[in-house]
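For reference, the chain that follows is the form predicted on its own, supplied as structure tokens.
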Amino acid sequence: MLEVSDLAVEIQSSEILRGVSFNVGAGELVCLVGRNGAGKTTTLRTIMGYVAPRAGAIRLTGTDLRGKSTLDRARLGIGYSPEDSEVLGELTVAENIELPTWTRRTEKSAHERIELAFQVFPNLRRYATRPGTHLSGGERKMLSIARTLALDAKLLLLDEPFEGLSPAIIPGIRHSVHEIVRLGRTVLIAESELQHVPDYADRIYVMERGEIVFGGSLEQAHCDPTVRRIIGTTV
């Protein structure tokens, strides 16, 4: 599904990513884990087309994404939920979810895609007429991910979906992400803490200073001395 090969990124003459390579298979949930500043967000933003790499390649189901705009990538089926959610406050919850259906046409109708978003995040249906400015942090996270479903994305990029949320909210969002995977979608998550990695993750990659320093299962990560040194293994 997604192939990232030898990705190198410079921002304002600073090297942010160095030879980053990893794969995400169709229907997998894969996590990029690392401390703040490790390069996780830059990796997601480069995949989405917000950042141009200095070197390397990104392919989606064999299609080279080089030179393709962010809109082109969204139309190819990549959905992005940024760390700050970027909910449009002047629109209602329902309008925020409907918006991506104007951007990308698929075999599914707009109604089907909107209903799927509400099905995976049923709490949002209760707030359908509520403005984005009147949502909690957890509700904004839900809405941001729900919009990627309304886009009918094949690949969902989720940046820190559990960061800064109440412990009472996290299990619900984790369950919804699991439901998205069960629906056959592919998910790439960036997370700062190993304890937030869902136990159903197929694989994790640990990043440090712009490089991949570990790749393997969650169980292997908890036993790896490099991972323990960088981010710990608290569960």
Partner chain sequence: MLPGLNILISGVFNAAVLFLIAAGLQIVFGVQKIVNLACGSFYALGAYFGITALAWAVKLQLPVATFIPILIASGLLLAVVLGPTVERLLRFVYHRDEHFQLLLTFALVLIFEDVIRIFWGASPLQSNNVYFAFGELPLGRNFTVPNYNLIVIGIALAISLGFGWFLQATRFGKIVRATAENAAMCEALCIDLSKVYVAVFTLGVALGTVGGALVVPAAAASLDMGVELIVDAFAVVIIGGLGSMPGALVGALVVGLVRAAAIWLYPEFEMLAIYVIVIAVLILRPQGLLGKSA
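Since the model is a prediction, treat every value here as computed from it, not as a measurement. Positions refer to the first chain, counted from 1.
As for the form predicted together with the partner chain, it is not shown, yet the points below apply to it.
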Practice item. Find out whether any non-hydrogen atom of residue 70 is located within 4.5 angstroms of the partner chain in the predicted complex, and reply yes or no. Key: yes
Practice item. Check whether residue 137 has any heavy atom within 4.5 Å of a heavy atom of the partner chain in the predicted complex, and answer yes or no. Key: no
Review point. Is residue 91 one of the residues lying within 4.5 Å of the partner chain in the predicted complex, judged by heavy atom distances?
Key: yes
Review point. Would residue 48 count as a contact of the partner chain in the predicted complex, using a 4.5 angstroms cut-off between non-hydrogen atoms?
Key: yes
Practice item. Spot the stretch among 165 to 173, 187 to 195, 48 to 56, 34 to 42 with residues whose non-hydrogen atoms come within 4.5 Å of the partner chain in the predicted complex. Key: 48 to 56
Point to revise | 151, 120, 156, 124 - the one with a heavy atom within 4.5 Å of the partner chain in the predicted complex | key: 151
Check your understanding: Does any residue in 90 to 114 get within 4.5 Å of the partner chain in the predicted complex, counting heavy atoms only, and if so which ones?
Key -> 90, 91, 95, 99, 100, 102, 103, 104
